[in-house]
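Next up: just one chain, as structure tokens, the form predicted on its own.
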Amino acid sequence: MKKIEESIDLSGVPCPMNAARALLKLAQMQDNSFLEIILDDGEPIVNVPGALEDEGYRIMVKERRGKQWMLQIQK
């Protein structure tokens, strides 16, 4: 597991605002840094990872945590 520089809890945030918030946070971070994101199950975990990958970010970890998911993203 990598050192996480930032984290953002997007549980309860609907699509597409959750992806927009994650992308905004990543844009503010240094290259090669890591962001941990908490997402709800369902539509968010289906849509957000693809949106991040489309922008060139790497999903290093995708782990279910009950009814939520944790992603670790490398910028």
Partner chain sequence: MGIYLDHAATTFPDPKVLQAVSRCCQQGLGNASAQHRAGVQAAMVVEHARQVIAGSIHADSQELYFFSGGTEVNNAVMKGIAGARRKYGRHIIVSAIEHPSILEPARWLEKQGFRVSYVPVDRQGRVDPDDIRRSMTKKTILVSVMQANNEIGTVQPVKAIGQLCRQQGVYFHTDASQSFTKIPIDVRRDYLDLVTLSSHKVHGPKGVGALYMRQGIQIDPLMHGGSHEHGIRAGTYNTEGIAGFGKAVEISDRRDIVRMRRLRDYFIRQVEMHVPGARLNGSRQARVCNNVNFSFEGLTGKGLFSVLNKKNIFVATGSACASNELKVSHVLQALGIGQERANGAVRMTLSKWTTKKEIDAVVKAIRSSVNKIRVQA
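Numbering follows the first chain given and starts at 1. As the structure is a prediction and not an experimental result, all values here were calculated from the model.
Note that the form predicted together with its partner chain isn't included here; everything after this is about it.
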Next item on the list: State yes or no: in the predicted complex, is some non-hydrogen atom of Arg21 no more than 4.5 angstroms from a non-hydrogen atom of its partner chain?
Entry: yes
Notebook entry, point to check: Quick one: is Asn47 in contact with its partner chain in the predicted complex, heavy atoms, 4.5 Å cut-off?
Noted result: yes
Check: If you check in the predicted complex, is Asp41 within 4.5 Å of its partner chain, heavy atoms only?
Finding: no
Margin query: Does any part of Gly66 reach within 4.5 Å of its partner chain in the predicted complex? Heavy atoms only, please.
Written below: no
